[in-house]
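Next up is one chain by itself, shown in structure tokens, the form predicted on its own.
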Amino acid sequence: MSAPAASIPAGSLRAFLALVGAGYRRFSTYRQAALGSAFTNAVFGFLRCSVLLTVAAAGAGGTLVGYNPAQLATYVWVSQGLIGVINFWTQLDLVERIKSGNIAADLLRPMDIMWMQLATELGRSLFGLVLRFTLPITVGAIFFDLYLPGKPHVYLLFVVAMVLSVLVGFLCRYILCLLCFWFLDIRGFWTAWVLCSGLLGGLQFPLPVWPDWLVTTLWVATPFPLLLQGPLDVLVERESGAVIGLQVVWLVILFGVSRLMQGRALRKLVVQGG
């Protein structure tokens, strides 16, 4: 078997974009489920925002670890919207395809497995951007005073950071799903990922709440803060291009790890249950 391609061949770019569109259409058929998820995110947005604003009001200067009330509100509501865009708690179809043995058929397709999975996930993220991202933020803007950056380039930096966050999150999940080639069940790994990606990624509260040594360790040694904390800090103007630089570094590292794991897995493919 030839080594998997590390890049999309020029002739396959049209197919890749077609798969992105197919992924969008596939997940857009579940509008009621998406609306239910967006409603749930909005409910949790009210809870999180109320708690953090209450804690900030009780602190010195009405702030929480340097975030003023408007920044906190923006942090909460945009993070609730990003949940449906990054999809960092959703397993890839790759898991079931490995367990069923259908992965063998995927190896005969003209496009590499990673790019097929990425195209589908980008379609899912685009649909999440349309509905699950906009609805919670709209609700938050109606009931709370949100922080609006005064510099136009901040919005562009946030979009770039958000796209990179989607890619970093995808590669993390892809690496976890590749573990199915070696383990019959990855539920333990996945549970650990769900807990760490939220708690150490800044979903429940901003990471500066943690001790300084732990925050530094998370930023330097893990990709977790780059999923939510990084893009959100860019939007509320607490960070800038440094976040994007770190995202690019981790993107390269995770891409290399995923290609290495996939290459080793495909050298001796064991079909489980097929």
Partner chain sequence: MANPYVKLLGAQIRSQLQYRASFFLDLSMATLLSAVDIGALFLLFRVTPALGGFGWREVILMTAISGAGFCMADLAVGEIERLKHYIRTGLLDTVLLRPMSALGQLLVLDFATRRAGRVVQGTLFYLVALTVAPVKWDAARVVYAIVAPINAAVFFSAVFVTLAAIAFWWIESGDIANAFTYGGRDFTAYPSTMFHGWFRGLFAFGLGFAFVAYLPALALLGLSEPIGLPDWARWCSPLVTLVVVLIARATWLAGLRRYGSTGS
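Note that the structure is a prediction, hence the values are computed from the model and not measured. Positions refer to the first chain, counted from 1.
The following text describes the form predicted together with the partner chain, which does not appear among the structures shown.
Chemist: Can you work out which of V249, L47, A221, A242 has a heavy atom no more than 4.5 Å from the partner chain in the predicted bound form?
Modeler: The residue from V249, L47, A221, A242 that makes the contact is L47.
Chemist: In terms of non-hydrogen atoms within 4.5 angstroms, which of the given stretches 67 to 75, 187 to 195, 118 to 126, 152 to 160 touches the partner chain in the predicted bound form?
Modeler: Single hit among the candidates: 187 to 195.
Chemist: Counting only non-hydrogen atoms and a 4.5 angstroms cut-off, does G62 reach the partner chain in the predicted bound form?
Modeler: Judged by the heavy-atom cut-off of 4.5 Å, G62 is well away from the partner chain in the predicted bound form.
Chemist: If you check in the predicted bound form, is S28 within 4.5 Å of the partner chain, heavy atoms only?
Modeler: Result no; S28 lies far from the partner chain in the predicted bound form.
Chemist: With the partner left out here, check for me: in the predicted bound form, does some heavy atom of F181 sit within 4.5 Å of the partner chain?
Modeler: Although the partner chain is absent here, F181 would stay clear of it in the predicted bound form, with no heavy atoms inside 4.5 Å.
Chemist: Whether M111 contacts the partner chain in the predicted bound form should be assessed with a 4.5 Å heavy atom distance threshold; does it?
Modeler: No, no contact at 4.5 Å.
Chemist: Between 189 to 213 and the partner chain in the predicted bound form, list the residues on our side with a heavy atom within 4.5 Å.
Modeler: Heavy-atom contacts to the partner chain in the predicted bound form: F189, T191, A192, L195, L199, F205, V209, W210, P211.
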